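Next up is one chain by itself, shown in structure tokens, the form predicted alone.
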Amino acid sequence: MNKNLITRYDGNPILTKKDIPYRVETVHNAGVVKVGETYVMLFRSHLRTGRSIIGLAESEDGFKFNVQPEPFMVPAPKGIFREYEEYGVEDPRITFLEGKYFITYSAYSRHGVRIGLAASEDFKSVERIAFITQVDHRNVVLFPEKIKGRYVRLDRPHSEINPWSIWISYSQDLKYWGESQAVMQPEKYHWDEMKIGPGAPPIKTEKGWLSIYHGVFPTMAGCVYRLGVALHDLQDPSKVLGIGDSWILQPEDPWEVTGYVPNVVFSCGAVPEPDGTVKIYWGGADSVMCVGTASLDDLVTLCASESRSILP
């Protein structure tokens, strides 16, 4: 498959710090979901302290966003969440599940990074529910439905023995998770050889759960973050049916190559559309937000017909 799988929007970047009505230094790594006919984006921003908050923007077409006048989430000022969010809240993912919009986010503190779970019914308010990992975990994405009676997630714990691989875990109540197992590992001397992690929440297709993930490759000039896709079995998502051998997006535009963290495209959100396309959102160089469109069939085909070996 030689064609570009993602068509970049001509109006990229779609959000920069200049679009935010309060003082921030970056806009990136946003979760996006469609609420009726409105696209809702929860984006991460750095403050001048270096710590992160989460803002909210809305759009009628998925391309042109208007930002709300106040942040959506800032570190909790009191309670159990305060201690574990003191250094910032980051990288939200949004999953519509059982009538609510569940938000997983990275919470940073002096103890390290762990994942918080919050929920909203209308994005007018947000309720923190629990911390659903210990340290050191990042990149938790929830599947949008129960599978065999259980909630399912993909996540990325850190381990020096098996570094930065994608795991799957299960829960009865969204709070307590277990039966974890590794399902994907970085591929030696490949575009994702250094580390991988879940990106957008999985998308259900006829042939499997499509997972957009990020992969990192080390170079003499620093790391390069790219996006790839994998396909998981519908009934047993711990079974990976295929992993696209090539990346689907890499840093190319100036705002992806140069910025707060150079050479980064990083996705936390994708919205499937009724016409068989998907809007994929990504942060460019940890500085701006971008969007592009792709065919779901093309992404599934890449996993199915141009898959790398998935043997242990």
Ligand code: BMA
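Given the structure is predicted, the values throughout are model-derived calculations rather than measurements. Residue numbers here begin at 1 and follow the sequence given.
The form predicted together with the named molecule exists for this protein as well; it is not shown, and the discussion that follows is about that form.
K.L.:
When the named molecule is placed as it is in the predicted complex, which of 273-281, 54-62, 257-265, 239-247 ends up with heavy atoms within 4.5 Å of it?
P.N.:
Contact criterion met by 257-265 only.
K.L.:
Looking in the predicted complex, any heavy atom of R114 within 4.5 Å of the named molecule?
P.N.:
R114: no contact with the named molecule in the predicted complex.
K.L.:
With the partner left out here, check for me: in the predicted complex, does some heavy atom of D192 sit within 4.5 Å of the named molecule?
P.N.:
Although the named molecule is absent here, D192 would stay clear of it in the predicted complex, with no heavy atoms inside 4.5 Å.
K.L.:
With a cut-off of 4.5 Å between heavy atoms, is R138 one of the residues that contacts the named molecule in the predicted complex?
P.N.:
Taking the distances in the predicted complex, the answer for R138 is yes, it comes within 4.5 Å of the named molecule.
K.L.:
Test of understanding: in the predicted complex, would D253 fall inside 4.5 Å of the named molecule by heavy atoms?
P.N.:
No - in the predicted complex, heavy atoms of D253 and the named molecule never come within 4.5 Å of each other.
K.L.:
Using a 4.5 Å cut-off on heavy atoms, which residues of 19-38 contact the named molecule in the predicted complex?
P.N.:
Residue within 4.5 Å: N29 only.
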